[in-house]
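This document opens with one chain alone, in structure tokens, the form predicted alone.
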Amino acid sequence: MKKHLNTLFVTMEGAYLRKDGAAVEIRHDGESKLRVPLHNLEGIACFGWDIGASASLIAACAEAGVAISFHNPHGKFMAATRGYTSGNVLLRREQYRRADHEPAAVAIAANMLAAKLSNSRQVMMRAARDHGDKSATRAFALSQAADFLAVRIGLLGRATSLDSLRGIEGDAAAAYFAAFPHLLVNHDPAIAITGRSRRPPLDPVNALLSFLYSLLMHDCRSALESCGLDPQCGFLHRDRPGRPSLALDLMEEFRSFLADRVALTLFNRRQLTATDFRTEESGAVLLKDDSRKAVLVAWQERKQDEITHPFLDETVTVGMLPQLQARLLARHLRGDLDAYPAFLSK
């Protein structure tokens, strides 16, 4: 079992990353701020408009399999560096063949979406169990949404086209986010959500979700690259230049289990409040710089939690899940597994 490695997050504007022996050194205003051995990292994620890296560090990271990605200060992915394409060409050829063969793509995508809906349902049922006795309205709304998702999970198994899957997923997502306010036990009216909004996010909850989803996408993309799969070629998400469609497919399994639960914890424990966000003239709501650091700490702590993987029956850290699922997907494409075992939380 591969030991869980860490991602180095760099949020300091003006920071410069360079190779220092077998380590990455972060410098700012001519001073060394941090030095981290490369063998302790699985990824480096930079958040800012003015963060750079030396060519020698980029080459060392490519050789060591450490992904470097660059995001704007609000978490939007901009670019990533990598070395020569790794992996077995036969694996990628099989990935492309399955993606172009709709019945095969439907079989994989249906399992991913079934896991997404099941994991979202678990989040709702857990909230209803923990907080439902405090409000009959909340308990009813969460139970109703959970029942709706259960029906949609059944429909996924009978879908025969990708458009059908997308329609079912769209209905389920609408129901999930309609019930999302009942997952918040923080009654601050400034922390409210009336549905999913993005590009731009229009409230603090959506701003935080968008930021966490960008972190999750980075991890899924790195996991797919590391096991030789092409993150651009998805089964559910259509091909589009520059879009990591397979990474978007893979992260569906983890949105509620990982990202949404981190967001709910931060708001419900009042570790984040409305003062941690700012509103621009366009109406976009964004995390403040200092608050983003607190979110990154919570994200890393969540990834250190241990669970029993339902398919492998082994204790793993939450942060390893994208890596493990990417490898299970590769095993399915190679023919070692009859079906792709998507991640199901308990």
Partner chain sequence: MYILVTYDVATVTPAGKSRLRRTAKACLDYGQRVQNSVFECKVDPAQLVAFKARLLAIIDPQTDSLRFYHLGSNWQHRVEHYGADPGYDVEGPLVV
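Numbering follows the first chain given and starts at 1. The structure presented is a predicted model; accordingly, all values stated were derived computationally and were not measured.
The following text describes the form predicted in complex with the partner chain, which does not appear among the structures shown.
The three marked residues, 22, 297 and 300, each reach the partner chain in the predicted bound form, with a heavy atom inside 4.5 Å. This chain is drawn without the partner chain; in the predicted bound form, the residue among 64, 34, 55, 312 with a heavy atom within 4.5 Å of it is 34. Checking 26, 68, 287, 321 against the partner chain in the predicted bound form, a heavy atom within 4.5 Å turns up for just one residue: 26. In the predicted bound form, no heavy atom of residue 278 sits within 4.5 Å of the partner chain. Under a 4.5 angstroms non-hydrogen atom cutoff, the partner chain in the predicted bound form lacks residue 16 among its neighbouring residues. Contact between residue 12 and the partner chain in the predicted bound form is found at the 4.5 Å heavy atom cutoff.
Looking at residue 307, you'd find every heavy atom of it more than 4.5 angstroms from the partner chain in the predicted bound form. Remark: of stretches 279-287, 34-42, 313-321, 55-63, the one touching the partner chain in the predicted bound form is 34-42 (heavy atom within 4.5 Å).
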